[in-house]
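Here we start with a single chain on its own, the form predicted on its own, put down as structure tokens.
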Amino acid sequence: METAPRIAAIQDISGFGRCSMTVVLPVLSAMGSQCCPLLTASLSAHTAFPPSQNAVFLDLTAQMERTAAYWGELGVRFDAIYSGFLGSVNQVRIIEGFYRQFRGEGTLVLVDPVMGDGGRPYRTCTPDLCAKMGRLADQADCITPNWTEAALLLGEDYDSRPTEEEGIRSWLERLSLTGRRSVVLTGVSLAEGKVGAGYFDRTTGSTGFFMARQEPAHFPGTGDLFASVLLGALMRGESLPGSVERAVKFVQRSVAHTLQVGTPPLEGVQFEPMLRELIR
């Protein structure tokens, strides 16, 4: 009997607004993987919504180690470990311990180094957390930064990011740590009206790009959607280039659908009707 790939998803969960675990879980499930949530934090709504004294941010750091210990007692094994938004610096240490306990031969570690966007770190991402996130990313098999996160990882000025293919390939290779990890850089544009991703594939040492039509809107949670589709495809045995192409196209179609139905951007990408495209 064929068993579904099992993925430990280390993410926060937001009660309102499509992002993090509310995106990760349905996408990975639709693509045939078993998603096992290890929650970093519980939020009443994602952080792009206006701050309020009634907003809830519940730090679940203390529960993470207990959950991992119990999974160890159960003898759980994982085909992939996938982390995204972290609620505190101490969670990096816990995830590193999780690697030591659950990272077996063949376990794919994907780190989405969620630190910022638009040239600025998120308000919850302190300089110490950014530094620790970089340390965590150093241990990954694959990372999926956006331009802001790539600049933070490289210690570069966001405003000096390259716009030509040669310069982007150079950043990809530097981010790969001399070929030790694969890199998928999101938000890349090589032509007006087109946006997508560039990649470095550690298995072949090659770089490449996939573009799709750029839609006239910005939605929170698209990075989570992209990384989840990418990982779901990799768990099916698809190549990194094929997985990048699938993720780029799915995000574009989901954004186009969201604009068509008029969902408010803050609520995130209405990807649910598109999930059938991911089921094989």
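The first residue of the shown sequence is 1; numbering continues from there. Please read all numbers here as calculations on a predicted model, not as lab measurements.
Below, we turn to the form predicted together with a small molecule, even though it does not appear here.
Heavy atoms within 4.5 Å of the small molecule in the predicted complex are found in one stretch of 26-34, 63-71, 210-218, 45-53, which is 45-53.
The single contact residue among F85, W171, F200, F98, judged by any heavy atom lying within 4.5 Å of the small molecule in the predicted complex, is F85. Out of the listed residues V114, A150, A140, V188, V114 is the one that sits within 4.5 Å of the small molecule in the predicted complex by at least one heavy atom.
In the predicted complex, none of the heavy atoms of Y158 sits within 4.5 Å of a heavy atom of the small molecule. For T258, no non-hydrogen atom is located within 4.5 Å of the small molecule in the predicted complex, even though that partner is not displayed.
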